[in-house]
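The chain that follows stands alone, in the form predicted on its own, written as structure tokens.
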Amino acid sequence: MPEDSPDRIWSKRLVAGDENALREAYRDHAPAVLGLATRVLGSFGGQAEDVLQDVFVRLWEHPDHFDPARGRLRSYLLAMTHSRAVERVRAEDSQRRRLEAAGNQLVDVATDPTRALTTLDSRSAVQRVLADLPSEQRIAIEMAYYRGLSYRDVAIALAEPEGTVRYRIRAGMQKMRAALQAEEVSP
């Protein structure tokens, strides 16, 4: 590839932290990235914009991962898009299977008094630990788990970036798990 090829120039500019290079790359390649993400995600197509954002954020954060000697920027972005979209489809399928399996394993706690007491103890421990979290984490977790909102819906409701919401929920859940384990309550 010639030294003055657009991909080599983009690569150098991105590595140097040139925001205009990212804007230009986005302008030229975002439609193809979004189209591929939408096709791969199929019924999860609402997440295509998330994949688009993820791909360009990764390009910005790690511009050195793109090597113009190995191929064109468009090919690199589309390969990354395909990978991220497939990861999301697998994650959604996995979550759906877990929820279905959990629904099939429901036990009527009213028929087992010991189990009912254990469930009540666990529930109150979870509520106590949840109340001890920082408000940003507690609110995001409550919206996601008690109201059944997706990360995106929580982010919109809180007017926060989706990545921030994901981090708050993950960090809060880790704190809750540690606190419940310290109390010897099964999370």
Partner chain sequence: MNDASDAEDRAIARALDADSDERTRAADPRVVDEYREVLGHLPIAEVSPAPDLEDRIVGAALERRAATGTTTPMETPMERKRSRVLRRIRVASLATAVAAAIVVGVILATGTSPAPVPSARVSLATVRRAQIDSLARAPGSRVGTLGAIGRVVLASNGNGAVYDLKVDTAVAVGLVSSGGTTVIGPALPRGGVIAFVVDHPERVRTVTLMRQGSVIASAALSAP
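Residue numbers count along the first chain shown, from 1. All values reported here derive from a predicted model rather than from experimental measurement. Rigid core (definition): largest C-alpha set, two forms, superposition within 1.5 Å.
Form predicted together with its partner chain: not shown, discussed below.
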Original post:
Can H82 be called a contact residue for its partner chain in the model of the complex at 4.5 Å between heavy atoms?
Top reply: yes
Original post:
Is F44 close to its partner chain in the model of the complex, meaning a heavy atom pair under 4.5 Å apart or at it?
Top reply: no
Subject >> Touches its partner chain in the model of the complex: A144 (any heavy atom, 4.5 Å) >> reply: yes
Original post:
V57: heavy atom within 4.5 Å of its partner chain in the model of the complex?
Top reply: yes
Original post:
Does anything in 149 to 164 come within 4.5 Å of its partner chain in the model of the complex by heavy atoms, and if so which residues, in order?
Top reply: L149, S150, Y151, E162
**OP:** Please check if L14 moves between the shown form and the other one, taking a CA shift of 2 Å or more relative to the superposed core as movement.
**Re:** no
**OP:** Using a superposition on the rigid core, decide whether the Cα position of R58 changes by 2 angstroms or more between the shown form and the other one.
**Re:** no
**OP:** State yes or no: after fitting on the rigid core, is the Cα displacement of V33 between the shown form and the other one at least 2 Å?
**Re:** no
Original post:
Your call: Y151 and V86 CA atoms, closer or farther in the model of the complex versus the shown structure, by 3 Å or more?
Top reply: closer
Original post:
Which is it in the model of the complex for the CA atoms of R147 and A85, closer or farther than here, knowing they shift by 3 Å or more?
Top reply: closer
